[in-house]
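Given next, in C-alpha cells, is a single chain: the form predicted on its own.
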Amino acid sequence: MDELTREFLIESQEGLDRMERCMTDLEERPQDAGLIGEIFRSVHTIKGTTGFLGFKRLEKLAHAGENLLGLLREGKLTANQPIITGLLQLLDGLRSILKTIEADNSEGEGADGVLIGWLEELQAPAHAQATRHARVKADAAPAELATPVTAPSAQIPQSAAPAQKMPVQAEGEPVKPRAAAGSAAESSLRVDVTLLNRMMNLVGELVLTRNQVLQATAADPNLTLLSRRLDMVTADLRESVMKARMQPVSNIFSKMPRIVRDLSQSLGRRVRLQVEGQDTELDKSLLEAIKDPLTHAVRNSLDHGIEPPEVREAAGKDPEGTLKLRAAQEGSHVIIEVSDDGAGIAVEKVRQKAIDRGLIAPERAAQLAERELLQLIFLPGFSTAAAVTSVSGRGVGMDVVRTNVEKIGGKVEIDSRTGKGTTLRLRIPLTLAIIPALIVRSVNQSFALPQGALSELVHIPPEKAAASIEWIEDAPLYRLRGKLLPLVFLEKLLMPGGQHKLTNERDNFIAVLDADGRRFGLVVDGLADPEEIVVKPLSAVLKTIGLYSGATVLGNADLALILDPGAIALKAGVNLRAEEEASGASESESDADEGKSMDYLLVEAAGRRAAVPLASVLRIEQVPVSRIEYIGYRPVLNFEGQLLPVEDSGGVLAAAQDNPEARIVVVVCREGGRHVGIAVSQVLDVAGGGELFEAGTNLPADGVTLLKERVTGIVDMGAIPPLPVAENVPGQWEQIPETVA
C-alpha cells in the first residue's frame, strides 16, 4: 500500500468515526444543522478523494449518500427514522469497502445497487418515502424493521448490506481476513502541531538541565551512573520527539509533477522529471518553509534553464530536457538539489543586467569573479528575463529562495556551466530547536559556534604565533596546508580596536568556517567542550548587531550568544574573490602534488602516531571514560542513539579504567554504511600525506604515509569488526610499522 492510500484510509476512518458519533445525536436532534453539516463533510471528503485515487465503487456509493445529505442540509428533507437508518447503512457500506481496500488494496466486487437505490428513494418527497418504507417493511421480516437503529446491519435485506469484520465479493465468497497487526487508523494517531512544538520546547529545557547536571556531577563518582542514565534517556527522548515531527520530502515533491507538466506546456518545453530520495525526512516546520523556495527553483529551471526543443536540437542535445529533484541527508543537514541540463547561466549577461538595473556599481561588477557573479541572481529585483510574463520577469523569485532558506538556518548554493546546466542546492538543517555547537571564548565571554559551519580547528602555540600570519595589504592570512586562509579576529569584531594579531602569551585557536561559500578562519581566545544547545530567539536589539543568530543557556548556566558565521564573514569583508586570490599563489605548487596526496588527521595513542583519512572523519568527541560500555569484550559508545563500536588497539581505555573521572578522545568516522569510533590520547594535527613507495618499485607501500617528515601508519577502519563479534581481531595499532614509534 502506498503512502497516499494509507493516508486516505486513516482520514476516511476518522471521518466515519465522527459520522457515527453524530448519527447517534442526530436521532435525538434531527433539526441540528451542525450535526448534519459534520456528517455531510465526512462523506463529501471521502467522495472527493476517491475520484483522485481511482476507487470508483467507493466514489459511487459516497456520491449517493452525499446527495441525500445535501437535501438534509438544505432543509428539503427531515432526518426521520428511515433516513437515519439509510445513513447508518451507508456508514457500514463505506466502512466495509475501506476494510477491503486495506486488506488487499482493491475495492472488491460487492453489489451496492440495492443500497444505492434505497438512498435514492429516500431523496423522494415524504409520501414517496412512506411508500418505499411500507414496501420494504412488507418484503422484510417484521422483526428486522423492529430492530433498534443501533443495529443498522439488519435494516435492509442481507443482499444489500455488506458484512461488517469480513467483506463479501460478488460470488459471495469471503476475502482473506486482514493481518492482525491492526488497521491503518489503529496504528497511527494524529497530534496537533502545537502540542508537538510544546513537547519540543520541553525537551529543549530538559537538554539544558541535562547539560547542567552533567557538569555539576562530573567530579562526583557516586552520581556518575545516574548522570549517564539521564544523558541516555534525554538523548532518546529528544530523538523520539524529533522523529515525531519528521515528514518525508515526498509531501512536497509529489506536487512538482503537476507544476512541471503545466508549466512545460505553457512554455513549449519538453521536460522529463526525475525524483530521488523522496523518503528523506525533514522537520515539519522546515518542510513547510521550503515549499515556496522549491517551487520558485523549479519554475526558474523551466523558464530560464531548459531550452525549447528546437534550440536543444540545434545545440546537439536531446529535445527533451531533464529536471532532477534530489534529496539526501548529510550529517545534520538535508540537501535538496534542483538541477537541469539546460543552457546554464551566462555570467556576463548577469553582470550587465545587474549594472543596468542599478543593483551594483560598474566598478564593483568588473572586479567580481564568476562565483560571485552567480550570487547576484539572489539580489532583490534581479531578473534576466527580456519581458514580464506570468512566469517571470518581475525580479521576484531567487531572492525569495535565499531569504526563506536562510530564515530557517539553511544555505543556498548554485553551480552552473554554460551549455551544460545549473544546479541549485538547498542545505537545510534537520531541526532548528537543538543543534550541536562548539563553545568558544573571547573577551572573557562564551559564544556558541554551530558545528554545521565548522570544518576544523587549528591550534597555534605561543612560540609560533609571530610567524603564523601573512599579510596581503591589510588582510591577515594563515597558510593552511599550502593555501592562504583569510582570518577574522572575533575580539576585533566585538570590540573595535581589539586584538588584531596572534598572541605569544598563550595558545591561539582558529576555527575554520565555511559560510555561504566563504571560507575563513575565526580567531578565538579559547575553546570549551562541545555541547548540544537549545536555540532561543534573539531580542530585536541584538538582531540589529548582525553577528548572532540566537541565544542559549550553557551547561554551566551561563548565557551565550550563538554566532552567525555568514553574518561574520559579510561584516568582516570576507568574499569569494579574496579566497581565490589568496589561494592562487599556492595553486601551482599544489597542482603538482594533486592526486599523490590526501589530507589526514594525525592522532596519538600510547605514544604512537597514526593517520586517519580526514574525509572519513565526522566528529571528534571528548567523553568521560564512564560513558564507555561493553558488549562482551568490545567497547561501545551510545552515539546519537546508536551503538558505536570503539576501536582501542592503542590501549587508551585500558590506561584510563582506574580513573573514572578521566576523559578520552573518540574520533567518530564513517566507514562504508556505518559509523565507527577510534579511541586516541590526543589529536595532533591535520596534514597532507605523501604517498610512499616500496624500495625499487613503483608500488605504493601499503598502509603508511609520510606526515610531518615521519612515516606514519594509516588506520584501516574497514578492519574494525561490526557488532556483535565472536572472536578477537588484531588491533590496528599493532599493525603500524615500528618505524612510526
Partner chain sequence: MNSPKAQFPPKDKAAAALVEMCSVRLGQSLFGVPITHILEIVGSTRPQPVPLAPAFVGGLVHYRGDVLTTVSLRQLLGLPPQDGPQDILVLESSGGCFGLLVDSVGEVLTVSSADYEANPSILDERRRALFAGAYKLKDSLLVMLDPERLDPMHLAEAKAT
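Numbering follows the first chain given and starts at 1. Keep in mind that this is a model prediction, so the values were computed, not measured.
There is another form of the same protein, the form predicted in complex with the partner chain; it is not shown, and what comes next is about it.
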State the residue from Leu195, Ala615, Ile545, Leu226 whose non-hydrogen atoms include one within 4.5 Å of the partner chain in the model of the complex. Ile545
May I ask you to choose, among Leu438, Ala551, Ala572, Val203, the residue with a heavy atom within 4.5 Å of the partner chain in the model of the complex? Ala551
Contact with the partner chain in the model of the complex for Gly358, defined as at least one heavy atom pair within 4.5 Å: yes or no? no
Does any part of Leu538 reach within 4.5 Å of the partner chain in the model of the complex? Heavy atoms only, please. yes
Please tell me whether any heavy atom belonging to Gly268 falls inside 4.5 Å of a heavy atom of the partner chain, as the geometry stands in the model of the complex. no
Is it the case that Leu561, even though its partner is missing from this view, gets within 4.5 Å of the partner chain in the model of the complex, heavy atoms only? yes
Hey, of 487-495, 361-369, 341-349, 309-317, which bit sits against the partner chain in the model of the complex at 4.5 Å between non-hydrogen atoms? 487-495
